[in-house]
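Consider the single chain below, provided in structure tokens and representing the form predicted alone.
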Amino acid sequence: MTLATIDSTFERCTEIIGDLNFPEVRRWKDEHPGGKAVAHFPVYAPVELIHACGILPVTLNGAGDRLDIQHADARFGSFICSIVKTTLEMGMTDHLAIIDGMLFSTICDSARNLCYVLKRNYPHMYLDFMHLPHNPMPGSGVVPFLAAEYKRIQDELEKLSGKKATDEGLRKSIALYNENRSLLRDLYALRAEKPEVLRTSELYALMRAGNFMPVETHNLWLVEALGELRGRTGKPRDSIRVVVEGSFCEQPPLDLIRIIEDAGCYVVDDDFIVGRRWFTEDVPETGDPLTALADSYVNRSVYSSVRHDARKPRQKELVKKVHARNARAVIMLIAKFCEPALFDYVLFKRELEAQGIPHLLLEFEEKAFTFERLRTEVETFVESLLFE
């Protein structure tokens, strides 16, 4: 990658995230005969465990508008979000044949049910549900509980791959993902400081492409991109700085992110593919690795609508994010039928209004392909702030 070709790199990332045949996963499997791939949703999964067992972690994002729903509607109601339906549709149309297993967690009722619907339809596939703690208060014993749950998952992954994950191997995996998260934090800081240099649609594509390749490769891509972006120049636009919130699981279509930017917004922070940035600090690379991962999940993770932490009220954390990024407004970009996000919107709305922070609520579906109504809403919102 060179400065002259960085735009083509972003184009390549866009191709990767739009290809339902998982070309990067197939390439890795060709290079690792007998290798396994285990998928998960974009919120959180212990990717370090998966990696240490010699398995490729793959983040599923649904199928967008690239796959017609022909089978999933018969197994889920009409009020289910797109990512659940299109993921099931991908399974029932053999698009997930390259995947050897899937790991689910307590995101929502729909995701939990998808795990067991898939189990009934694909008994030969490794499908597991990971129980994550919901009460991280001191004295609740959640760190030992979660470390034990990680050990259970590790045992199952070792059976799938035929490779034992040693403590040393786990620490190496933790170090690799610490590097990945650190690089993403640097990219997010660069985007917030100079949004005219790095568009959110570019950063999103670069980050999401890592969902389908080994972390070692993605780290190299991020290092090169960071180096070249620091030498990139851009002309500032007359745009407002906004934080986008609510897209932690089902991901917005790339075209929708571009529309928000083109309508006059600098997106300076977001919760896109939040699992790639789940930990706010590096996971300790010494001591017992399972305990380190469990302690980091309980005590050093981002706020999210899929978990409760009374120590960090989500609405207060959102306001902190707005101030930290010097944002002027918030766009609540929520997937249709996403119950955790819609429930939390009430809390967010109340706090934003109390703090005098303008916000706009937008609902989307990953399988949508036209966004003219949303474009008009964003443009109107921006104009109201620019000319108030």
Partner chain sequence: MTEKPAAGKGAAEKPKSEYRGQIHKLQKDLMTRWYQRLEESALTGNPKSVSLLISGACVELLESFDVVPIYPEVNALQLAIRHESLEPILYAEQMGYASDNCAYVKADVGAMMLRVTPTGTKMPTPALALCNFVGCNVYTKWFEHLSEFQQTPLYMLDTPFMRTDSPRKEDVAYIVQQLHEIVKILEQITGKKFDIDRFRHAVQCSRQVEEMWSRIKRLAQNVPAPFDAYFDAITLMGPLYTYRANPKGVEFFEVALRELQEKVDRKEGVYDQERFRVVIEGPPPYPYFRSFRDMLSSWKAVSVASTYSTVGGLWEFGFRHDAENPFEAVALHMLEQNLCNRNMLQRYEQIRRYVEEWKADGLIIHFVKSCRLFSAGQGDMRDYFTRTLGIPTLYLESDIEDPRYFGEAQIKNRVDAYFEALGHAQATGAAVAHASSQAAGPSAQNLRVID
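Because the structure is a prediction, the values reported are computed rather than measured. Residue numbers count along the first chain shown, from 1.
A second form of this protein, the form predicted together with its partner chain, is not displayed here; the remarks below concern that form.
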### Query
So which of 148, 175, 97, 220 reaches within 4.5 angstroms of its partner chain in the predicted bound form, heavy atom to heavy atom?
148
### Message
Exactly one residue in 71, 300, 185, 164 has a non-hydrogen atom within 4.5 Å of its partner chain in the predicted bound form; which is it?
### Response
71
### Query
Quick check: do 75, 141 and 339 each get a heavy atom within 4.5 Å of its partner chain in the predicted bound form?
yes
#### Entry: Which of 222-230, 188-196, 287-295, 102-110 lines the interface with its partner chain in the predicted bound form (heavy atom within 4.5 Å)
102-110
### Message
Is residue 28 near its partner chain? Define near as a heavy atom within 4.5 Å, in the predicted bound form.
### Response
no
### Message
Please determine whether residue 315 contacts its partner chain in the predicted bound form, using a 4.5 Å cut-off between heavy atoms.
### Response
yes
### Query
If you check in the predicted bound form, is residue 311 within 4.5 Å of its partner chain, heavy atoms only?
no
### Message
Is residue 254 part of the interface with its partner chain in the predicted bound form - any heavy atom within 4.5 Å?
### Response
no
